[in-house]
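First, one chain by itself in structure tokens, the form predicted alone.
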Amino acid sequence: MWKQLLPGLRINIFVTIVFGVVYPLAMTGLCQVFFPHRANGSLITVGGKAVGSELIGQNFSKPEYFHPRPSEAGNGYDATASGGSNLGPTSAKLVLGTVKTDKNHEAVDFDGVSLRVVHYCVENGIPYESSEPLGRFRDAGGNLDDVKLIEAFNDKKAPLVFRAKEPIPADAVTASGSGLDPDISPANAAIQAARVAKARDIPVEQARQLVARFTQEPTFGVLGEPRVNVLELNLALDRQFPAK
């Protein structure tokens, strides 16, 4: 019996040592020597402190920053809960959004593409058509009431119809499959440039030049699409045109 078991056992031990110990250690060592930045998470540091990674998106909501692609990962850009909404293009929830009751108060459950289009148009000055004046959906502080907007979109009798008069990049209002996409399209960044320039009190052309400088071409010229890393772009903004 041992004559039959020992050869297999020796092969098992050999393969475990070679591919479970030697190979991983060799690859780790080579990567640390030749690709240390990527091997350690492609971290971006400012003043010696890590502020993020080139590979993982994070939220920016202030008008003086370029905004990232929407995220469905956890509460947004949560690397421990990477994933999409799993909603298809015919899903009413994906298009119209939903609300929920939280402690006797209505709150947004899922914002939906329609609501994202409204905010994108309003924030970036894109002309639009609306079946109802948006003033009806603002709170006492003048901010858009997302719950009222979602309820209006879902109204069975007279649903709110909102349409942008100019094309909106898909990545501006839809989440990626991972929810962690760190990049946006150059078209999305170009539309946001006017808002960012106004908030920082700089000529819009300077903001557009910065977008062009941080636009990356497809990998090896064929893989993927042109893209702009949001974190790198916003850090460059803070360095070159500090917000007042």
Partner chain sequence: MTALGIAQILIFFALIFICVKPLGAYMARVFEGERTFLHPVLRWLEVLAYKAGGVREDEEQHWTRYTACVLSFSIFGFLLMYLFQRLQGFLPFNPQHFGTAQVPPDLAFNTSTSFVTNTNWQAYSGESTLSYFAQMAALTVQNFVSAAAGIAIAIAVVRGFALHEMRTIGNFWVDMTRAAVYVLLPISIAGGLFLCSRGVIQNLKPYTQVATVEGGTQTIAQGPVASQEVIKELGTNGGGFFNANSAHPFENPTPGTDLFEMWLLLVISASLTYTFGKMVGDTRQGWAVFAAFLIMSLGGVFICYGFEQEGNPILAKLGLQTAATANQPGGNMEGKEVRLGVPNSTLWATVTTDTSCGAVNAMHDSLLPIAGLVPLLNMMTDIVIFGGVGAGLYGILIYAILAVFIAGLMVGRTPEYLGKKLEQKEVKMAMLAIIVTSASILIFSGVSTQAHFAPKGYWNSPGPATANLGNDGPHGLSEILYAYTSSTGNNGSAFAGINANTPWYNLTLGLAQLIGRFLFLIPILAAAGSLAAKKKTPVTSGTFPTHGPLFVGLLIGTVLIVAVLTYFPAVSLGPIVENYLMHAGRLF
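Computed from a predicted structure; not experimentally measured. Residue numbers count along the first chain shown, from 1.
Absent from the display: the form predicted together with its partner chain. The rest refers to it.
*Asks:* Indicate whether the candidate residues T28, Y65 and G221 are all in contact with its partner chain in the predicted complex, with contact defined as any heavy atom within 4.5 Å.
*Replies:* Yes: each residue has a heavy atom within 4.5 Å of the partner.
*Asks:* Though only this chain appears here, would S130 touch its partner chain in the predicted complex if you measure heavy atom gaps against 4.5 Å?
*Replies:* Flag for S130 set to no.
*Asks:* Hey, in the predicted complex, is Q209 touching its partner chain, heavy atoms inside 4.5 Å?
*Replies:* Contact with its partner chain, no.
*Asks:* Can you tell me if N86 lies within 4.5 angstroms of its partner chain in the predicted complex, counting non-hydrogen atoms only?
*Replies:* Judged by the heavy-atom cut-off of 4.5 Å, N86 is in contact with its partner chain in the predicted complex.
*Asks:* Can you check whether N124 is within 4.5 Å of its partner chain in the predicted complex, heavy atom basis?
*Replies:* Result no; N124 lies far from its partner chain in the predicted complex.
*Asks:* Suppose contact means any heavy atom within 4.5 Å; which members of 185 to 204 contact its partner chain in the predicted complex?
*Replies:* S185, P186, A187, in sequence order.
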